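Given next, in structure tokens, is a single chain: the form predicted on its own.
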Amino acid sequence: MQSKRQLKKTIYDVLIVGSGVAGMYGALHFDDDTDVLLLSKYGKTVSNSNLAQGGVAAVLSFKDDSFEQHIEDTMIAGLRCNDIEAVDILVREGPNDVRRLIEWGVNFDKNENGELDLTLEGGHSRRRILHYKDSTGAEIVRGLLKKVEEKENIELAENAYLCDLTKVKSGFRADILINGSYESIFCSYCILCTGGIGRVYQYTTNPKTATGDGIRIAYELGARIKNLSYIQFHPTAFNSDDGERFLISESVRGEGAYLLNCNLERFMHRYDDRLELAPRDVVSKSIILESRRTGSNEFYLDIRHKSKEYLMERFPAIYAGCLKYGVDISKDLIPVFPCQHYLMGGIEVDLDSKTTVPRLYAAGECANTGVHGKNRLASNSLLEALVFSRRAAQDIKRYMANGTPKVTEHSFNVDYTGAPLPPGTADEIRSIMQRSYFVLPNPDKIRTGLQQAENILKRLKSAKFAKTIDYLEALSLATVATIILSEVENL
């Protein structure tokens, strides 16, 4: 264990956990005299945000579009289980946040006339998706990271894992494992921007960061968790044996790709009139039903009717990614199958991103704002991260302006020692989830799966394990799995 502290301070005004779009955009909305500590679990660009391909949805022109139409598309995709007030805020405030990104130097593709090149994705009735080729998230992260690194009041710590968050007077104590050393800091406010829960499944598009840590931490603090079983399974992940699967963006279908079954036939007409451009949950369920009908898990995307030049220009990352598996999308079919992609539920928050725990906020994928309902409309996630992380920062600034008390340092004692975690614990949880609830819940497996997840969680909590990242991630996964399966069982 290193003795020298790696964090600059022991007391901060605001702790933001997670360096994706929500974390960085929220951090940038604090004044220069506000001390902000921004934690990145691994490298500063390892996040779901950085992997986002399709784009960000926003109504920037009323020539062929409207706020009302974007709201309606969002409600339809969410099966009208959305919080309409949150959707209204998302759609009406989001365009200004997107314009701010452009002012800050984030690039979006333009057409030959120099106008924004808007694309179409499943569930959208209009072309309103701003994109940067097929790497929109990476471009937004690049632009935001540049701004963050210019701000002297924001301290960005990499390889910094939040182990525990404890309530103290006027704030929190945060225990952090940073580059192999344990350090503790105090903060007056905390915003959790820890992303999703993808690693609770065997197959996901999510990176290694997505283990539900923020949800576990909020749950342990007593925050309400809402609709955690609202999980989106993306219909077109590249069908490989990899645990982290390569996503074939919605926009590939938006630009005309056909979805084929094992007989190389289009089949979506059997399930939905919107065909390949139906919302993601509809397409995923249709693939599962079609696989049962045909007895095969072989499905393909076909975009060979587009020129190689167009595909390499419009989808360079997807083109190169498929080529690594020996698939030239200008000549070959793309093997696809659904896998876990996004979480619509999460830590319950209000319209200002406040949780039910005082001074604790959540934004981005770990939060349940209600904007997505039961199914996220494509490219609304980056917009949600922008709008609601900004609203969290603005709400905290209002409290600060009113002179709310600041946290002070408290004495404490933390024991991180213990036995090593038995190998295979996380894999056991993933196997349970894959059997019990993949796209469609398996009624015969839910009860058994829940009991198994509960037993793992009890074992992790009752035995004295060393507080390593492996242990704490397993604890997060077990907590998340138990909550999800409990919800599904009671549906």
Ligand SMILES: Cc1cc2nc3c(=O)[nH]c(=O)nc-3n(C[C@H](O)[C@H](O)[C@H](O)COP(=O)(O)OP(=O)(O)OC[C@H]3O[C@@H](n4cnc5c(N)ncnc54)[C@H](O)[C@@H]3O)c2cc1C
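Quick note: we count residues from 1 along the sequence shown, nothing fancier. Computed from a predicted structure; not experimentally measured.
This protein has a second form, the form predicted in complex with this ligand, left out of what is shown; the following refers to that one.
Screening 322 to 330, 87 to 95, 307 to 315, 156 to 164 for residues having heavy atoms within 4.5 Å of this ligand in the model of the complex returns a single hit, 156 to 164.
Contact with this ligand in the model of the complex, defined as a heavy atom within 4.5 Å, is made by none of Thr74, Leu228 and Pro279. The shortest heavy atom separation between Ala453 and this ligand in the model of the complex exceeds 4.5 Å. At the 4.5 Å threshold, heavy atoms of Thr479 stay clear of this ligand in the model of the complex, well away from it. Although the partner is absent from this view, Leu37 stays clear of this ligand in the model of the complex, with no non-hydrogen atom inside 4.5 angstroms. A residue is said to contact a partner when one of its heavy atoms sits within 4.5 Å of a partner heavy atom; Ser353 fails this definition for this ligand in the model of the complex, lying far away.
With the partner removed from view, the residue among Val46, Val59, Leu28, Val439 that has a non-hydrogen atom within 4.5 Å of this ligand in the model of the complex turns out to be Val46. Of the listed positions (Asn375, Thr209, Thr369, Ser188), a single one reaches within 4.5 angstroms of this ligand by any non-hydrogen atom in the model of the complex, namely Thr209. Of all the residues from 29 to 63, those having a non-hydrogen atom no more than 4.5 Å from this ligand in the model of the complex are Leu39, Ser40, Lys41, Tyr42, Val46, Ser47, Asn48, Ser49, Leu51, Ala52, Gln53, Gly54, Gly55.
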